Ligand SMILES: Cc1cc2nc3c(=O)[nH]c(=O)nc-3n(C[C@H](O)[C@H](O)[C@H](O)COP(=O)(O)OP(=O)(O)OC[C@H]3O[C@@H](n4cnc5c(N)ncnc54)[C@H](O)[C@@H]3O)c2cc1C
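First, one chain by itself: the form predicted on its own, in structure tokens.
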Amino acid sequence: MLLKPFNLHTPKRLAAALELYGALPDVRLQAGGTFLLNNLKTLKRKGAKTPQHVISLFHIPELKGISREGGHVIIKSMTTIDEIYNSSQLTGKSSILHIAAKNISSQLIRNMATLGGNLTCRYTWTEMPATMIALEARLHFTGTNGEEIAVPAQEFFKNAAKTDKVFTHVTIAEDASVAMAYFRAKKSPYVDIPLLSLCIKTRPVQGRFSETIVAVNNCVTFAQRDYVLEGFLNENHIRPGIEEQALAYLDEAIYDTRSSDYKKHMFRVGIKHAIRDLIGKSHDYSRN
């Protein structure tokens, strides 16, 4: 399907992109394009208005790459999902991103899709938000006035992923003493988008769960924390069988929102899988 005509802008520097973003009316930002182009097709099919201007961030080197600095992992917004999957910079708790990235769609999509697009597209079903909440990541944005702000991932998605700024990078504090687990179920064998995803982080201390974060994406609302399950885990020892007991301590509103019986079942399968994974890892992390 042909798109409605628009003006494509390809700045080579972040400062130029910010200037355009502040000056142009009716403008959208393009990261990898896998979400935006489909969105533009949908708008045309529905006879809705499409933007006059699109600013591609693809040619801006400042927005690409993964590095480690000052005890943090820094992932730039235009880093592709495939680059995240293959990065040797992601160790410790941030290595969970390898698993999340591997589960995203096909190789062709991973070659194009970016971290920035996955986090800021405002689709509720993308994979990275729950992972970023569990990692206690901070999302960095730069406004058209050049000022930068950092927003905890949890707050960003609590605010429905709204921003009038350019997402530039994410920072994740390095920490070798926490255990991470991730689970994703896809919607169907034919369409590889998630039915649900969740990510759990805990700090094993003397054989107990502590500082646990359970980040859940029911794929109909933005990713959020299950404080009920977190509270239960933090009151218990890390031991086989705890995953079965945990199912009695869920914030049911998260899992029941527009969920079929199958989806509710898969959430429980995912929770048990993730907690078992944490149990298996806890001894290694306790020794670090």
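Keep in mind that what you see is a predicted model, and the values were worked out from it rather than measured. In case it trips you up, residue 1 is the first one in the sequence shown, and so on.
The same protein also has a form predicted in complex with the named molecule, omitted here; what follows describes it.
- Contact here is defined as any heavy atom lying within 4.5 Å of the named molecule in the predicted complex, and by that definition each of Leu29, Ser77 and Asn103 is a contact residue.
- Exactly one of the stretches 67-75, 200-208, 161-169, 82-90 approaches the named molecule in the predicted complex with heavy atoms within 4.5 Å, and it is 161-169.
- Proximity of Met132 to the named molecule in the predicted complex: non-hydrogen atoms within 4.5 Å are absent; the residue sits far from the partner.
- Taking the partner from the other structure, the named molecule in the predicted complex has a heavy atom within 4.5 Å of a heavy atom of Phe35.
- The closest non-hydrogen atom of Leu57 lies within 4.5 Å of the named molecule in the predicted complex.
- Using a 4.5 angstroms threshold between heavy atoms, Val178 stays clear of the named molecule in the predicted complex.
- This chain is displayed alone, yet in the predicted complex one of Ala215, Leu97, Leu196, Ala113 has a heavy atom within 4.5 Å of the named molecule; that residue is Ala113.
- Residues of 109-125 lying near the named molecule in the predicted complex, listed in sequence order, are Ile109, Met112, Ala113, Thr114, Gly116, Gly117, Asn118, Thr120, Cys121, Tyr123, Trp125, the criterion being any heavy atom within 4.5 Å.
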